[in-house]
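Two forms, one chain: they're shown below as structure tokens, one block per form, named structure 1 and structure 2.
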Structure 1
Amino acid sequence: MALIPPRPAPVPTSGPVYWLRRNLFSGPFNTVLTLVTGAVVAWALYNLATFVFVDASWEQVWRNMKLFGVYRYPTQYLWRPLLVAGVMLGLMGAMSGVAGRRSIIGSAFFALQGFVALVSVVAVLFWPSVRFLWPMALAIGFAGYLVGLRWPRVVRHLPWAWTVWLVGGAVLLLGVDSGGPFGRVPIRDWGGFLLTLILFTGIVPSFPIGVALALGRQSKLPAIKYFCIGFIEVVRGAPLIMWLFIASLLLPLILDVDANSLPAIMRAYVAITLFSAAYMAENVRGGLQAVPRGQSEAARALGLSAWQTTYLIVLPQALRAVIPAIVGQAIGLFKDTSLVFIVGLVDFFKVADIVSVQPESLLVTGGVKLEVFLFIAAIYFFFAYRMSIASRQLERRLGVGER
């Protein structure tokens, strides 16, 4: 009786070797392409690392960190913006303690805490003016996380806490009197990354305005419909730079006030908010069109009113479908805030340009432009990439792209 010959071992369908063979070395052409691309990337990374760690002169970057952070905000008041940042981290930590480390807010919190921890180490070593302030912000963040772990019911009061933080933070940054620890700081002295973050918050009011414009564009009332269409098309038909100039020059005329009575930051904030709202409206309109008509018809058949149908049935599905577009717009707006230097505001990008032409910078052979702009590119990338990660986490949680 003949024995059955042994069968060959099954080919593995998982693991790093299988992934490499399937994706990078699946054939002669892909193998050559992988090797050539790998050599080019390795050469580029080697040269970049050599410049960053050997050839670059980072002294001007470290010397001007206050300019990068808050521009001309007085040194004796630096505890105020860092206290505001620390309380924000504390509130995020409380939410993370309740939601868990793997949640969207949890991963964002620990990423920001890692960033603040790195800055705290550098501050302790090199920045005497904020040597204890950055560790203070780090400690407040972890304290908030422990509070969320210990008392989960605190999450019920967090909306009120965020409201108090928003109003109190604005008052604290601005100041309330002419002297003492709460002395007033003119808004014209705000700048750097602080100004970039303030302008970026324009995405928050632009969201409800954009949703209202998208719904108004689908209205059956001609006055509402054509007003929304006109606003969206006019705003989207011109670049953000033009609207920044218009806000700087035309807004005081519309409000019939002296141009000096309206801070330049406020005018730029209005322009950025309305510009973002117009694009947000088109993103939301695309989501509304993606919702099958049968959804609203079924809701009306069940007795829901038009507002209930929109609020409970149509709008949630529409927003779920356009999460990538909304987050992409937020990332774009975060980077587009650098355009405000055109109207005289000194944001994070403009500070880099100022630092690169300082007399001390010009004494360095070859200048420090590359070092300065590599630094701000790394900061922009960190925050933009974190928003991208949060978007992917939200998409997986809501099942975007799945049936």
Structure 2
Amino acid sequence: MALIPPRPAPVPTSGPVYWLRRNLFSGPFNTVLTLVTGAVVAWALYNLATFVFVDASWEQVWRNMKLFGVYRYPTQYLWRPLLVAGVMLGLMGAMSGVAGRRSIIGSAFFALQGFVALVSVVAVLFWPSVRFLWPMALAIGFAGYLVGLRWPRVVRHLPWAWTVWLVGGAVLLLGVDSGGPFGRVPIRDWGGFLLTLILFTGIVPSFPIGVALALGRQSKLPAIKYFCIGFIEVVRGAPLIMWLFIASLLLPLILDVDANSLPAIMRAYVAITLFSAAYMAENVRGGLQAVPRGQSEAARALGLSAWQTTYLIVLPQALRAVIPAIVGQAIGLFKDTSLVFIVGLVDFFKVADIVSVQPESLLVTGGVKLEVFLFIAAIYFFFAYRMSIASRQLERRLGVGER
């Protein structure tokens, strides 16, 4: 009786060796590809690392941190922007506490807190003027989180809290004429990352305007419809930098006020908000078109009025569907705030330009442009990439991508 010869051991379908064979060395072509790409990547990474850790002179970036952060905002008033930032973290923390640590807002909140914690450590060690302020912002953030965790019902008050934050924050940053701890800080001294974030809030007023434009575009009244179409298409047709330029030149003329009485930040804010609203309108329109007709017909059949149908049935569904697109637009706006240099504002990007041509920078062999722009690129990347992660999570959660 012959024995059946033993079968060869099964090829492993897991483990690092299998992974390597499958993903990197699955054939002669792939092997060559891996080796060539690997060599190029290794060379590039080596050069980058040599530059970042050996050749680069980070001295100028380090010394001008305050300019990067807030530009010329007075040092004795730095508690004001940091308090505003802290309260923002606190409100985000409360939302995260309610929604849970692993929710989309929760993971974004903790990423942001990680960033703030890192800066806090640096501040405690090296920056005496904000030694206690950064940890304060961090603490308010966590306090908000604990409140949200303990009393989930605060979620009902959050819209009001955000509104109070927005208005109160603006007032606090500006200050009052009386002097003292609340002394006036002229708007021309605002700048750096603070200004970038302030301009980024232009997404908030652009939202209702955008929704109104989107609804107007769907309207059956030709006057309103064509006005909205015209506004949306003209604004979207030209680049933001042109609208910023036009706003800075024309707003004082149009409003017939003295050019000096209308700060550049206001002109830029108007341009950014209206520009963003036109894009918002197109995003919202996509959502409106995605709501099945049956929804509004059913609502009408139930006796809801036209406005009730829009606000209770159509808009909630439409906006839900376009949340990822709106986050995508927010990323675009965040990046586009770098264009305000054209109206003479000194945002995060412009500060980099200023720092790179300081006399001390020019003394450094070969200049510090590379260092400075790598630094701001890294910061922009951190925030934009974090938002794009949130956008992707939202897409998955809402199932928009799978449709």
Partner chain sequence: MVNAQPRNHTAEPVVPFWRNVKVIGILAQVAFVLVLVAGVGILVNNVTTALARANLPADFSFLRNPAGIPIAERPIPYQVTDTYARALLIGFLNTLKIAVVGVALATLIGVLVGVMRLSANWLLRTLATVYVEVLRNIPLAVQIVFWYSAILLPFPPRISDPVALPGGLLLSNVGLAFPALYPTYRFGSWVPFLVAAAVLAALAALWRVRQLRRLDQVGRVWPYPLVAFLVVAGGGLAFSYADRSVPPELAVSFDAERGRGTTTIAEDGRSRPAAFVPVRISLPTATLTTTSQNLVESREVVHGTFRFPLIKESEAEAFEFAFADPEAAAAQGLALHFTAFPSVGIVYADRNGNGELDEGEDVDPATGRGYGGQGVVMTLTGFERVVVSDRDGQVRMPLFKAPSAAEQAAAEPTTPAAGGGRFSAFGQAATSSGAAEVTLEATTELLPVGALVLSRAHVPVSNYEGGMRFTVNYLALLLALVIYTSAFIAEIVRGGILAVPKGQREAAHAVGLSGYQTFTLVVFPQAMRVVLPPMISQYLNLTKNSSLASLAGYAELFVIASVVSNQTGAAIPIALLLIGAYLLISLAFSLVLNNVNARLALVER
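Take the two forms, find the largest set of C-alpha atoms that superpose within 1.5 Å, and that set is the rigid core. Quick note, the numbers are simply positions in structure 1, starting from 1. As the structure is a computational prediction, the values presented were derived from the model and not from experiment.
In this pair, structure 2 matches the form predicted together with its partner chain, whereas the other structure does not. Core-superposed comparison between structures 1 and 2: the Cα of Gly192 travels less than 2 Å. Comparing the forms between structures 1 and 2, the C-alpha position of Tyr385 differs by less than 2 angstroms, with the core used for superposition. Relative to the superposed core, Met266 undergoes a Cα shift smaller than 2 Å between structures 1 and 2.
Core-aligned Cα shift between structures 1 and 2 at Leu304: this is 4.9 Å. The Cα position of Gln329 changes by 2.3 Å between structures 1 and 2 once both are aligned on the rigid core.
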